[in-house]
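This document opens with one chain alone, in structure tokens, the form predicted alone.
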């Protein structure tokens, strides 16, 4: 089917990205009011507080005490609440910054690619011109080492490129004048199945779904056997059905585009080239459950996608595919892995710290602003749109009886062809390893640090919910990698990303990291195993309940 015109904007083009690298300004209340009015297009309110902080940070470089006081007055809150938000989200700062802030991705893949040497090289060259540090995975493991400069991606870093960047910094060349090639974000789609070949025409899709019975839509999603693509695999149709059946004056559709799991970048590609499919899936859900408002929660690391997605939504409104019946807005995250948990995400959308809620009640009963809410991830909404157009029977022709359809895998690490692979559920792991050129593979981390570590004895297992749930990422490690180093990196990630709400996760992850830093022969493996299990068993949310896994996998393999 032909795509409607104009085509979706090419968000991988670096030239467009550079035009959005906004120069930093001195604090000015009038400018702040102007930019916030442009951002919201309406009077802003308390729930917009986090988004307002992100706008101020983007334009002024930090949220200084003067800006905090001004914002507290306009949002009718106090400065202490604003400072609590700033200290919770990694990308918000209150110090007067240097003009440029460079954050290197520090996940295990970039670490193995020589991250530390590159970071130190730049730190030694530009300490007076830019603030250089590490951050968690930024969704670019297929083209790393990578970094963010003032929120925008720098890819394929090496010693020569770092030297050239240092020269630009020393000469104080504006970011907009840096070579466009440095900012290029590639798609790296290696295997495209039905979902990555799907380009719905919203001009046909939207009128068609509006004419359909909402209950029939939900039944078709249930018949298709679509399960959430975020990792948990909950039946999508059942979730929609529960939300639609909950009495309420309004309901919400929320797209979780906060793929913070290290090694995951499939949502980046879906939003780059398949945003129409995602928006169609959200509109489908909105009609099915009786919601008039949708929200895309876009991770802060994908700032470069924000403007083109906004432009695409505006085109939808111009064509009246969005409007009073259903509309979509984008909320940016600010660097908090825990906001990938659905209730923490809802707290963040409400302008609060992203601390996971106690469940039950579940979001389908008591979600955003207390209203029934469906939260699905990017791939799930795109798949739902595919089913609405192609039918449940066609969807079930691939996959397994328990895991229908295909799944999009993010593959990175020690392989010849890192990138995106869409394969039917049930595909054996070793088949994917062959496709990506992992000829010397010893270990595979499936589903990111919160997933499972598999050695060669498990490479023939199928990637499916009933056997080995694939989640979002496949991280490949060869003979040169030490399992202990991997466990150390993953545990440090969990420690840094803990929201601090509960003691088992907050204190337990700190102790796990401290003990793992000792030489291997001095580690008390029995005590370490007990602590890791305690963290998993007693933590409040999914982050803490999986934080001990990297330690336990290492212990099971090296100290059974």
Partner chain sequence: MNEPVFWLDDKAIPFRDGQTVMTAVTAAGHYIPHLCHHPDLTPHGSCRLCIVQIDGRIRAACTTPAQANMKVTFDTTLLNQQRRQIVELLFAEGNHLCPSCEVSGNCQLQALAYDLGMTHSEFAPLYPQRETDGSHPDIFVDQDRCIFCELCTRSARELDQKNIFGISGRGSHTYLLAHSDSGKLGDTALTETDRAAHICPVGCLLPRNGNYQIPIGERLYDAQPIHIRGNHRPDDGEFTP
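Just so it is clear, the structure is predicted and the values come from calculations on it, not from any experiment. Residue numbers count along the first chain shown, from 1.
Just so you know, the form predicted in complex with its partner chain exists too; it's not on screen, but the next bit is about it.
Novice: Select, from the options 81-89, 107-115, 312-320, 215-223, the stretch whose residues sit within 4.5 angstroms of its partner chain in the model of the complex by heavy atom distance.
Specialist: Contact-bearing stretch, as computed: 81-89.
Novice: Verify the flagged residues 228, 256 and 392 against its partner chain in the model of the complex: is each one within 4.5 Å by a non-hydrogen atom?
Specialist: No, none of the three is in contact.
Novice: Taking its partner chain in the model of the complex as the reference, which of 492, 531, 56, 523 has a non-hydrogen atom within 4.5 Å?
Specialist: Filtering the options by heavy-atom distance leaves 531.
Novice: Heavy atom within 4.5 Å of its partner chain in the model of the complex: which of 287, 353, 103, 168 fits that? Just give me the one.
Specialist: The residue in contact is 353.
Novice: Quick one: does residue 61 come within 4.5 Å of its partner chain in the model of the complex, counting heavy atoms only?
Specialist: Result no; residue 61 lies far from its partner chain in the model of the complex.
Novice: Please tell me whether any heavy atom belonging to residue 497 falls inside 4.5 Å of a heavy atom of its partner chain, as the geometry stands in the model of the complex.
Specialist: The answer is yes: residue 497 has a heavy atom within 4.5 Å of its partner chain.
Novice: So in the model of the complex, is its partner chain close enough to residue 336 to count as touching (4.5 Å, heavy atoms)?
Specialist: Output for residue 336 is yes: heavy atoms within 4.5 Å of its partner chain.
Novice: Quick check on residue 510: any heavy atom within 4.5 Å of its partner chain in the model of the complex?
Specialist: Within the cut-off, so yes.
Novice: Looking at its partner chain in the model of the complex, which residues in 501-530 have at least one heavy atom within 4.5 Å of it?
Specialist: Stretch hits, in order: 501, 502, 503, 504, 506, 507, 508, 510, 511, 514, 530.
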